[in-house]
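We begin with a single chain expressed as structure tokens, specifically the form predicted alone.
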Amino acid sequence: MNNASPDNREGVRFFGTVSASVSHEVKNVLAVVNEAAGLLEDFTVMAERGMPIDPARLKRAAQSIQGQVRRGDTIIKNMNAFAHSADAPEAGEDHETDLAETLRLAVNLFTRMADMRQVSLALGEVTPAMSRASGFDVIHLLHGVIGAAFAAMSAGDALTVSLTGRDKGATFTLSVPGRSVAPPGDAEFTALARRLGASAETDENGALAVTLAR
């Protein structure tokens, strides 16, 4: 019998979605490293046979591996930060989430979503803002609105997400030049927004403003 609450099930499903995306990125890194390692092995065979090796090609192979190691390290650091965002504070604990840092992490995590749709995702202006909502829930909320924006975009479109801190909360603004961005209409997003005290409305310029209470 499954006794998990709907909120917990949606959270687990979301965690799985992000984890699957990250694992694909890691696999891509390993594929490039494996290709470069194979090239180095070819060079070794050439050297054993007394054949000349172009130092420039050898250097490029080594640089490719180093570059992918750096890329992989960044991917794992982002995944680690995401995993720790799910660490719920103790009951009654005074908890605050850095929304600027959380938005940067969300954009890094969801860039692959943009690449798959042949659109771009970028940070706009970001000002300091804090919230008592958990970082995991905020990223989940952003996943919903960013995903809805992507669904309405065409190849080549660019989505910019900005953050403005306010006295009693903060506003994330999602804008796509030439397009109107509508809030998600699914039950999962509606329930999450209600639980966080968040609202999502399209302004007169077509940008989606997502306001989160402190």
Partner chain sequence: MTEKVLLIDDEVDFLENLSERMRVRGMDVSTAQTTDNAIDAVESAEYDAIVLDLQMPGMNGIDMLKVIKERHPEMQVILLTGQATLEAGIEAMKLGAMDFMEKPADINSLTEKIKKAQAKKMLIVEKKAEGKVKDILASKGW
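Numbering follows the first chain given and starts at 1. Note that this is a predicted model, so its numbers are computed, not measured.
If you look for the form predicted in complex with the partner chain, you will not find it shown, but the lines that follow are about it.
**Report entry** Close approach of Asp115 to the partner chain in the predicted complex, 4.5 Å, heavy atom
**Finding:** Close contact exists here: in the predicted complex, Asp115 approaches the partner chain to within 4.5 Å, heavy atoms only.
Query - 4.5 angstroms heavy atom contact with the partner chain in the predicted complex for Ala36 - result: Contact check for Ala36: yes, within 4.5 Å of the partner chain in the predicted complex.
Query raised in the report: Even though the partner chain is not shown here, does Asp186 get within 4.5 Å of it in the predicted complex, heavy atoms only?
Result: Contact with the partner chain, no.
Query raised in the report: Should Arg104 be classed as touching the partner chain in the predicted complex when contacts are defined as heavy atoms within 4.5 Å?
Result: Result no; Arg104 lies far from the partner chain in the predicted complex.
Query raised in the report: Out of the stretches listed (26-34, 142-150, 158-166, 175-183), which one is close to the partner chain in the predicted complex, meaning heavy atoms within 4.5 Å?
Result: Residues of 26-34 come within 4.5 Å of the partner.
Query raised in the report: Going through 43-61 from first to last, which residues have a non-hydrogen atom within 4.5 Å of the partner chain in the predicted complex?
Result: Phe43, Met46, Arg57, Arg60 sit within 4.5 Å of the partner.
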